[in-house]
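Form predicted alone, single chain, as structure tokens, below.
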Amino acid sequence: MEEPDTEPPLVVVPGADPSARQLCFAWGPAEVLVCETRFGRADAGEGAPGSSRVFVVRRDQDIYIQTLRKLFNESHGIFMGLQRSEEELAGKSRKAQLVQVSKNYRSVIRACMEDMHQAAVSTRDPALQGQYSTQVSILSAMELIWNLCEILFVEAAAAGLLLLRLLDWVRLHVCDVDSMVREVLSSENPSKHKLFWNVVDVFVLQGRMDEARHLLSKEVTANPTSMNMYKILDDLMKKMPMPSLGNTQTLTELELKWQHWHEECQRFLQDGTFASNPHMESICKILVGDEDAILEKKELMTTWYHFLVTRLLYSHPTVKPMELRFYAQSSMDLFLGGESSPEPLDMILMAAFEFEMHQVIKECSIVLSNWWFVAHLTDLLDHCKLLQSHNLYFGSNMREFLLLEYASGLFSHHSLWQLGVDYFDHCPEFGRVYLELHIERIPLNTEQKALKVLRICEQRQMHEQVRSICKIMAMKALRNNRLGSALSWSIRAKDAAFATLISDRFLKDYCERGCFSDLDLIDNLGPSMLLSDRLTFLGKYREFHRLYGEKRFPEAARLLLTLMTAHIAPCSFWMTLLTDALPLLEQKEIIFSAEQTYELMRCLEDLTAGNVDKQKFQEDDVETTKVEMLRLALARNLARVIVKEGTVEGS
């Protein structure tokens, strides 16, 4: 997968005119931003004035189709189950498990295809109808390719069983005749219906002998003269040897029986047994594997791979897997006959028949419109131990590269990014690096989404991303003046500087309003208050108010004094603390001891002694009044304490 075989297609951005203005662009993880500049083209003169437009070009548009959500969501569960499956299962048990996983993937594709078809039928919008029809075709091709890969690579069907699986594949995916059968059987005279022999031929081409014989019996009822030919043909169809799942016969025995049956069919054909009935003669020619006779039914088979399976059924029913490539190439050449060139789907199927797994993945990566298919198919093949030897030249193996691409696309969606996390988890080499880069780009529109992203990061010990998310949410909350939320996020981020900033905002609000907001948060800071000195002060200052409210004045007084003497409180807040001490100084009961009162006096003098503060207190009458009231209260309290202590000592 070094380089694509073809040049990438030109993407036209509707509305952008590169001939009038120069365009600039910026690559993102899953999209490209294209914007118009104010500069005109060199050959077009100066750019026209006006506003510039920005275009978002997404590389994986399918993830935005609502009806494909089922495909992404349900396949995620299958993927995770496969990663968790018991690796110790070996041999047949492991193969059966992997085949079941493959069938589960196919059932999701088919369910999604049916939903898309229903949406196409029910919509009245022609544009939407076209979009849905295109998606139905893509999903149908995906299931076709996946089923063939399941037969050839996952199940690795051996000779004999291989043909049975290919017949089931053709019946499921190619030339659906159910509607034709219903139309024929519902008519008054089925054998006279214009499509009667077409239906019989299709049944024979697909090896559905019982159904073909049932229809032929209706021909005999209507035309008794053909009874003898019918009995011979019916007997030949009934006796046709076929490999079966429960049959214990060897391939050699099957080949011998088939050879005898084939010679018998040729004998009746050479004897001219069916010469009078061209339809029955044509069927007998198909039974002997006449390629010209089979090719005459080209319109009924519609595809070269249907022709391939029919050709194998009647010429080489015990074909071995490694022989398929020769039959496949010649069948495609015969069927197309030079009239048309192979489509991309034909080349993918041919690569599968040639057992070129890497070519299948490469072609699908180029042709299909998203990474879902190649990512999940490659993961399954990797679990089958089929891709172990193929490493890419830039470090990662093919499985991881495709899973990383798919998961990166999911991260551009507003909700599917959660699925992408699990895909990155199962990419051992580069998954964590990709996850770290992508998770930082998730827009954190709500706190609920932020908490979800945070939980993902915490579970994976992505500490740097945890801090980044918390800082972003804290800043958003601060801008919206939601201080409680901002403080909570900053504590979670363990950001001491930001916690200090928010604590200052709390204290400023308190000074302006006289009360605290978000009391529940501040009351329950616990050990988190030790994150920064300012946060510690905020928590302890709130505790002082709580003690004061509970009339536990001695404890409140000791805490208030500690906040000042231990220099936990910012100097700018000392006047507020000293003012809070006033009611305690005026209490009838003495709260502050003489030593504590001296400490308060020293704090007051330290506060007013500074040159800046001294000038402020001299110019501000309110502040001067506060200082005088504090000095008076402290002097009175000291006098009361001295009298009380002297009385106690004297007694």
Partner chain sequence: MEDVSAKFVSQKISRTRWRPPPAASLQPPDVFATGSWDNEDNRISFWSADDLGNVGLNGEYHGEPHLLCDIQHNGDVMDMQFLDQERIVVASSTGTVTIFRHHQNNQTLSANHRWERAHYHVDQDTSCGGAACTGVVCNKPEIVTVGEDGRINLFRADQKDAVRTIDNADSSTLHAVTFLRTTEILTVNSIGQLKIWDLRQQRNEPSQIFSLAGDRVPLHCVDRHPNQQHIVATGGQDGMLSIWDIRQGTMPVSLLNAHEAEMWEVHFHPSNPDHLFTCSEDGSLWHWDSSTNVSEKPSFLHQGGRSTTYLSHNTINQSVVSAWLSNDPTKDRMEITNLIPNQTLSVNSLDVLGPCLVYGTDAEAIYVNRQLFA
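Numbering follows the first chain given and starts at 1. No experiment lies behind these values; they were computed from the predicted model shown. Only the largest set of C-alpha atoms that superpose within 1.5 Å between the two forms is called the rigid core.
Beyond what is shown, the protein has a form predicted in complex with its partner chain; the following relates to that form.
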Margin query: Residue-level question: is residue 422 within 4.5 Å of its partner chain in the predicted complex, judged on heavy atoms?
Written below: yes
Note to self: Whether residue 418 contacts its partner chain in the predicted complex should be assessed with a 4.5 Å heavy atom distance threshold; does it?
What the structure shows: yes
Check: Would residue 446 count as a contact of its partner chain in the predicted complex, using a 4.5 angstroms cut-off between non-hydrogen atoms?
Finding: yes
Notebook entry, point to check: Does residue 504 make contact with its partner chain in the predicted complex, using a 4.5 Å heavy atom cut-off?
Noted result: no
Next item on the list: Could you check which residue among 277, 191, 500, 528 gets a heavy atom within 4.5 Å of its partner chain in the predicted complex?
Entry: 528
Next item on the list: Go through 488, 318, 147, 282 and name the one with a heavy atom inside 4.5 Å of its partner chain in the predicted complex.
Entry: 488
Item checked: Contact test, all of 508, 546 and 600, partner its partner chain in the predicted complex, heavy atom 4.5 Å -> no
Notebook entry, point to check: What stretch, of 206-214, 227-235, 77-85, 258-266, brings heavy atoms to within 4.5 Å of its partner chain in the predicted complex?
Noted result: 77-85
Check: Mind listing which residues of 461-498 have a heavy atom within 4.5 Å of its partner chain in the predicted complex?
Finding: 479, 480, 481, 482, 484, 485, 488, 491, 492
Check: After the core is overlaid between the shown form and the other one, has the C-alpha of residue 506 moved by 2 angstroms or more?
Finding: yes
Checklist line | Large Cα shift (2 Å or above) at residue 106 between the shown form and the other one, core-fitted | finding: no
